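The chain that follows stands alone, in the form predicted alone, written as structure tokens.
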């Protein structure tokens, strides 16, 4: 069994325990051990880098230090956490002067970044540790006939030269993993465009218009659901449909489902085990189609 230090970040434990639950069930079934790391803090999300880079790197590096002490690589579910921790890990490994500066900050907390571990998003673990062929062999309930609009969000793909996750212009990994479950990953307009979530609090009307555009494009492509990886994208598109209903007087009822939930269902986890009541837009139509 391969083991990883599980880094949950803030949004998932605070607002989306169903995401964590589904990921734990699915990855455990696939032979991945998730080890909780005590004392983890916020990842220092990507916007913080533009305000104070050294502070953001020190916070991210603190969490990497915890994984180093546990002698484990890190597995993230949140794409924002993946971006923050991966950038910090890369920069501090490549720039000795910067690492020395950050380590002076970390010494106040009794930590030292050594650069001995890697940060992985769970899709990378599925692709590289499990492999598509083994994943297909593990499926007990194929998601046949389910048309899925894949939405990876922004933080998984860019900055591509640092994250090195997938082709930022023509990504295929997420689509490949959806189709490994038996579902069809469908094309739709502006698939790679942002969900608008990071504009909330600054320009709520613009953020909602961008989210609506995402929902409308998936709806027009006849998607059965939109599958997400980022907890913030999930909130923006799931809860956002309640705001679209009151603001635009439009109702789409487009189910928003984390990939980990689709993965769990295809591995035979019963819906009643997945805390699906946390979805604002109910996913009953998807469950009926899966059977």
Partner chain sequence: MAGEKPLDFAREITNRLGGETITRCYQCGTCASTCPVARTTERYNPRQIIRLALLGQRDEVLKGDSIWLCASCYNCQERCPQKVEIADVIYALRNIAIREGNIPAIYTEFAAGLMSEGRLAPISKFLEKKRADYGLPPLKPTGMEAVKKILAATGFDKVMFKKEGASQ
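Predicted, not measured: the structure shown is a model, and the values here were computed from it. Residue numbers count along the first chain shown, from 1.
Note that the form predicted in complex with the partner chain isn't included here; everything after this is about it.
Novice: Would residue 277 count as a contact of the partner chain in the predicted bound form, using a 4.5 angstroms cut-off between non-hydrogen atoms?
Specialist: Because a heavy atom of residue 277 falls inside 4.5 Å of the partner chain in the predicted bound form, the answer is yes.
Novice: If we define contact as a non-hydrogen atom of the residue within 4.5 angstroms of the partner, is residue 5 a contact of the partner chain in the predicted bound form?
Specialist: Because no heavy atom of residue 5 falls inside 4.5 Å of the partner chain in the predicted bound form, the answer is no.
Novice: With the partner left out of view, is residue 201 within 4.5 angstroms of the partner chain in the predicted bound form by any non-hydrogen atom?
Specialist: Taking the distances in the predicted bound form, the answer for residue 201 is yes, it comes within 4.5 Å of the partner chain.
Novice: Is the gap between residue 31 and the partner chain in the predicted bound form 4.5 Å or less for some heavy atom pair?
Specialist: The answer is no: residue 31 has no heavy atom within 4.5 Å of the partner chain.
Novice: Decide if the three candidate residues 9, 154 and 205 all line the partner chain in the predicted bound form, where lining means a heavy atom within 4.5 Å.
Specialist: So, yes: the whole triplet contacts the partner chain.
Novice: So which stretch, 172 to 180, 142 to 150, 106 to 114, 123 to 131, is the one near the partner chain in the predicted bound form (non-hydrogen atoms, 4.5 Å)?
Specialist: Comparing against the partner chain in the predicted bound form, the contact stretch is 106 to 114.
Novice: Going through 14 to 46 from first to last, which residues have a non-hydrogen atom within 4.5 Å of the partner chain in the predicted bound form?
Specialist: Heavy-atom contacts within 4.5 Å come from 14, 15, 17, 20, 21, 24, 36, 37, 38, 39, 40, 41, 42, 45, 46.
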